[in-house]
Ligand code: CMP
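Only one chain comes next, encoded as structure tokens, the form predicted on its own.
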């Protein structure tokens, strides 16, 4: 049964620069409920599995390397129309093109170091959430 969820990952760049609290604050202010959250560091193998949909893309290797370069915060967020609402909150992948006040505009540095990952569809949100969290870890 599908829920109104999306997955976010606060990326290594944002965690290392102390942006986790600010990003979580923006998520809370926007009315999302955090139903699961953990702090972890992915291995290159885990990052490769998570981003396997991009394996044929030229940026795949650098993405896997970056996402396994340091700790991340993964969280399942719940809200009506969660995927669409979160995509609006985070803004464009390129922080220089993101709308003022969006998470990526405020906390991102580049297309790769754009502060956060956000699911791009309801189906991917369910798959991505299951990658990081079992049902018993969700509240």
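This one's a predicted model, so the numbers in the text were calculated from it and none came from an experiment. Residue numbers count along the first chain shown, from 1.
Keep in mind the form predicted in complex with the ligand is missing from the figure; the text below concerns it.
In the predicted complex, the ligand sits within 4.5 Å of a heavy atom belonging to residue 63.
Using a 4.5 angstroms limit between non-hydrogen atoms, residue 112 touches the ligand in the predicted complex.
A residue is said to contact a partner when one of its heavy atoms sits within 4.5 Å of a partner heavy atom; residue 59 meets this definition for the ligand in the predicted complex. Residue contact with the ligand in the predicted complex: residue 49 places no heavy atom within 4.5 Å of it. 93 is the sole member of 43, 28, 93, 81 with a non-hydrogen atom within 4.5 Å of the ligand in the predicted complex.
Checked against the ligand in the predicted complex, the residues 54, 38, 33, 88 give one hit for a heavy atom within 4.5 Å, which is 54. Contacts between stretch 12-42 and the ligand, counted in the predicted complex as any heavy atom lying within 4.5 Å, involve no residue at all.
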